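Here we start with a single chain on its own, the form predicted on its own, put down as C-alpha cells.
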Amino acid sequence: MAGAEGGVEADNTNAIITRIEHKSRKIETLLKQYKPVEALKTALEGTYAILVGDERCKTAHWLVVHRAIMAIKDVDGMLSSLDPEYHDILMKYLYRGLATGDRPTCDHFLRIHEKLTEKAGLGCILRYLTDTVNIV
C-alpha cells in the first residue's frame, strides 16, 4: 500500500507541475500583450490549491510568480488594481524574493514591499511573520 500512496503523490505532483506549466504559458502570453498586472493576478490565483508542500511545486510556482512580479513597472497602478485578497500572498512572495539575495530582485521587491505596506498596512507583514504554513 505504501508504494501505491507514493505513486498517487507522484501523480498529484506531476498534475500540479502540469498546471503550473500551463499557468506559465498563460502568463508569458499576457506579458507579451503588455498586461503585467493581469499576469501577476494569474500567477497568484490558486496559490493555496497548487502548493501542497512539495518543494518541486513550490519552486516551479515561485519561478512563475517571480517572472510576473519582475515585469511590474507601475507599482502604484498594480496595487490599485490588485484585489486585497492578494495582498498577503504577494507579501509572502516578496519575502521569498528578498531571501534570494539577488540584487535586481531585492531592489524591485523592496520597492513593491514599501508600497504594499503603505496600502495593506503592517498587518500584512505580521500575518506573514506569524503564518505557520509555508506555502511559498
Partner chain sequence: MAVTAVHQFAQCITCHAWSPDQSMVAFCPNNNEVHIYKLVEDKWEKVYVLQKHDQVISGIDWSRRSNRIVTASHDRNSYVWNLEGSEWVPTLVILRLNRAALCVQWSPKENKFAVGSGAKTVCICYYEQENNWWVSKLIRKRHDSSVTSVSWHPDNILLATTSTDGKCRVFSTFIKGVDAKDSKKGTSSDSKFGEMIVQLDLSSSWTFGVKWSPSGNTLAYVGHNSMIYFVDDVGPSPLAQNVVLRDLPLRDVLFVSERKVIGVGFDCNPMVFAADERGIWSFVRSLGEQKALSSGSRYGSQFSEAFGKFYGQSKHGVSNDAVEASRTRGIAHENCINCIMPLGDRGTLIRRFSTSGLDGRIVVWDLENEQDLLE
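Numbering follows the first chain given and starts at 1. The structure displayed is predicted, hence computed values, not measured ones.
The same protein also has a form predicted in complex with the partner chain, omitted here; what follows describes it.
Visitor: Just to confirm, with a 4.5 Å cut-off on non-hydrogen atoms, which of L110, V75, L31, M70 contacts the partner chain in the predicted complex?
Guide: Contact check passes for L110.
Visitor: I'd like to know if I16 sits close to the partner chain in the predicted complex, meaning any non-hydrogen atom pair within 4.5 angstroms.
Guide: So I16 does not count as contacting the partner chain.
Visitor: Contact between L63 and the partner chain in the predicted complex at 4.5 Å, heavy atoms?
Guide: It does not: once the partner chain is placed as it appears in the predicted complex, L63 has no heavy atom within 4.5 Å of it.
Visitor: A120: heavy atom within 4.5 Å of the partner chain in the predicted complex?
Guide: Result yes; A120 sits at the interface with the partner chain in the predicted complex.
Visitor: Indicate whether E114 is a 4.5 Å heavy atom neighbour of the partner chain in the predicted complex.
Guide: Output for E114 is yes: heavy atoms within 4.5 Å of the partner chain.
Visitor: Judged by heavy atom distances of 4.5 Å or less, which residues of 94-109 approach the partner chain in the predicted complex?
Guide: Sequence-ordered list has one entry, L98.
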